[in-house]
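In the structure tokens that follow, the same protein chain appears in two forms, which are kept apart as structure 1 and structure 2.
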Structure 1
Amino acid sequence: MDTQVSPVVDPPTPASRGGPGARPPAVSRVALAAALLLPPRLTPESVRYDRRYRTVDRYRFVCWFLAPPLLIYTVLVIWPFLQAFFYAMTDWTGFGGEFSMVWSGNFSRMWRDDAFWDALANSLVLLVLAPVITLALGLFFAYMLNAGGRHRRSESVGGVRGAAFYKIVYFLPQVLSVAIIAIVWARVFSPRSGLVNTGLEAVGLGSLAQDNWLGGSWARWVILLVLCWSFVGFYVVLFSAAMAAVPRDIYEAALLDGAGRAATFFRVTFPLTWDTVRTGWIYMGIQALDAFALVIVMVPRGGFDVLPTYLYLKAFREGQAGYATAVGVVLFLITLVFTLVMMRVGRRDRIEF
């Protein structure tokens, strides 16, 4: 009697059932990118079982979290920048919507404009000198207030007496509005009843008095003086916070080795606060390029211009918005190059303490 032997069939495996252990079909990059926009429950199984989905799932929350601020930043910052580059190639007057493309015509005109070069030279002088003077004074005052005083019995390192009061005095200009600062200093340098001319005449130096402190070549140095004065207090507080974070043990070790104030500053304090100094340098450079409020309030019309005031003059007083936008593009490029150079040149190995 013949018996039929049925073939042995292996039990179904997860791969044959298409379960979780199955090797999923290849998933396109488009499907993986689309998974960023879908919650996990709505993501197809073919995508969920792909090995690359783990990375997608890891960054899904980050993408959703950053999407709203990036959208706002794009609409309010990136898009206006792109519009500025577009209008810089037009002859738009700023009134109405009619304009025609001039392409590089505004930049060619700028190259031949002596007033533009004068404003650019004034801005570059402020860009170079204002950070150097302001940060040097801020570092000096901050060091004296934190580690430049006499040694006391209870402390190996300390600032001068009354350091807390001096910090308040130095920081006072930061509380005042820029417009108030400009009006006060304009009165100080007034040729008729200003404190400068009056003081020079009182001490017998009337020959040094000027009839026009806020015009011509003198205006550049007056603006530089006021700009540095108004920001020194901010950097005193900023550098004081950075110096307060330096461990006192390092100062004590320097004192035991016989280091004086100057050696302690240049070999201990300055290297350990360099990151803060570099950040302050970039910020002060940007403030020097944006001296619009001081110049527009203090200086009479036509006496002295920087790039922001020259831009304002062309855009709102002469109705040359396209040309003014081209000036703004140049100002943007100068700021960008300055920031990149400072970040590149000022790069050092981070010192841990």
Structure 2
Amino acid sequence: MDTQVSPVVDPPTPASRGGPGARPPAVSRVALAAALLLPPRLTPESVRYDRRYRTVDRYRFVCWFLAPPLLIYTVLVIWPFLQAFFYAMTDWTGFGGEFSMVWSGNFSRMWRDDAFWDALANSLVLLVLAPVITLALGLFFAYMLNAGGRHRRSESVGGVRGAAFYKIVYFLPQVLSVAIIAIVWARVFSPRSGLVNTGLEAVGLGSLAQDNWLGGSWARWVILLVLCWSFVGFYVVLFSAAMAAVPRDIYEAALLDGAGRAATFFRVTFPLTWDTVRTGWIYMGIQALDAFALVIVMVPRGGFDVLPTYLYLKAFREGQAGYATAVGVVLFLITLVFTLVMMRVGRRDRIEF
């Protein structure tokens, strides 16, 4: 912080040097610098009346306000992130103080590690499918709420009755902790006393009941379902806001041209809300790449892993902290590539309205 301040404090302004007449006695730069560390009240008057004091005061304020957040952030966020890239090149177990450099060894091991590839494949499936499904449902419902209603005399497009109610209900999963969501759904899919199997049997579809929804081949689809379930309402609200911002006269023009609801959606609504959709897509993709809580709570060990749970197991169960960090680096790269690709692919000229 000091390095930022000094160049500004140093050059005395022409005013202070050649200022006329009743100038308070000059104080040394040391005193001024010391004032940076003192609260205004305790700053000696001699310093306070110095012309340069205003600058000092500003910088003191800036430093004092920035230092605490910056300190916490640097030590607990930036520093671990940087360390991660280093540990990723070591064979550190996480149980002892010593390790040696293996450089790219962890990454070549990953290349041969089938369990890693399984976890990666599962993460990628979620990354591709979860945003598509969630956003499609979100757009569909949002459009229904905003333009799916009966036409009334005074309106070009109308929302359905009770749109506000639907939004409140749909949004509900979003305020619940993901851990709670995971437990609720784990119970819903429990084979012997869960809602799904007993429900299927109750309506005579017992043959569709599964012994093991949360393991084996079903797990990833259940996770996908829960992931989408918890975010659809969020996107309904988000897209509703975006759609409400589209001026009505554009819809009217479309209707005058004889466009039906579907056409209006694809020609008007979708393009005009594309920016929000794209941002939502990226956000949902990042959520899909996480999925940690859902998988760790719902899926029995060894059944199904995504990259974050694989990382967690390696680091905190199997004593392979170095390797786990290398998995983290891969996860970071995927996030980065996904975001960049989405930003490029989806780029269009922003439509002003």
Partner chain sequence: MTATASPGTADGPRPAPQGPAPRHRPGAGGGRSEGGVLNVFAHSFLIIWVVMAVGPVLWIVLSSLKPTGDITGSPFGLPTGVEWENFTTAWTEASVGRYALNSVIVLAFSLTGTMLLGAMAAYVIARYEFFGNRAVHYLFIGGLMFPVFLALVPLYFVMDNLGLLNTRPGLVLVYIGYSLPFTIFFLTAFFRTLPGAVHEAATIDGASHTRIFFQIMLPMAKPGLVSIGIFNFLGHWNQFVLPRVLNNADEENFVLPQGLASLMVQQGSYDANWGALYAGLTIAMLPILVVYLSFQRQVQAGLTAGALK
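Counting starts at 1 with the first residue of structure 1 and goes up one by one along its sequence. Rigid core: the largest C-alpha set superposing within 1.5 Å between the two forms. Model, not experiment: these values are computed from the prediction.
In this pair, structure 1 matches the form predicted on its own, whereas the other structure does not.
Positional change of residue 73 between the two structures reaches 2 Å or more at the C-alpha, relative to the superposed core. For residue 82, the Cα coordinates differ by 2 angstroms or more between the two structures after the core has been superposed.
Relative to the superposed rigid core, the position of the CA of residue 289 differs between the two structures by less than 2 Å. After superposition on the rigid core, the Cα atom of residue 64 is displaced by 12.5 Å between the two structures.
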